[in-house]
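One chain is shown next in structure tokens, namely the form predicted alone.
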């Protein structure tokens, strides 16, 4: 009789765990589905980066990134910065193929214009060259996955 009671409690616990897991996964799926695509105007997609990607621009881009981006996007651009936990929308992972497949113009546009939790940097970074340097730097973050 006692083992039947224990088995029933175990079965209820397992069932509860499965239901909780299902509800959690459904909620995560709903949140992911609610994210709207970030539409970048075609003209902006086609803009070429005028700043050569060399050691100097990468170093300057890293400095700007560390000042303005790292707190949300993380040291390695994986979207795991200390402020990322406070945001409603995920920061994204700059090391992924999906991110790296964007044009430089798309990355520049998103950094400059912002949306939702991602602030616009039009007023904070007024020199477009600095944003282009950040584009060069975040490109390098995808290199770690290629090696």
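All figures in this text were calculated on a predicted structure; none of them were measured in a lab. Numbering follows the first chain given and starts at 1.
One more form of this protein should be noted, the form predicted together with a small molecule, which is absent from this view; the next part is about it.
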Though only this chain appears here, would residue 59 touch the small molecule in the predicted bound form if you measure heavy atom gaps against 4.5 Å? no
At 4.5 Å between heavy atoms, is residue 53 in contact with the small molecule in the predicted bound form? no
Interface membership of residue 90, the small molecule in the predicted bound form, 4.5 Å heavy atom rule: yes
With heavy atoms only and a cut-off of 4.5 Å, decide whether residue 117 touches the small molecule in the predicted bound form. yes
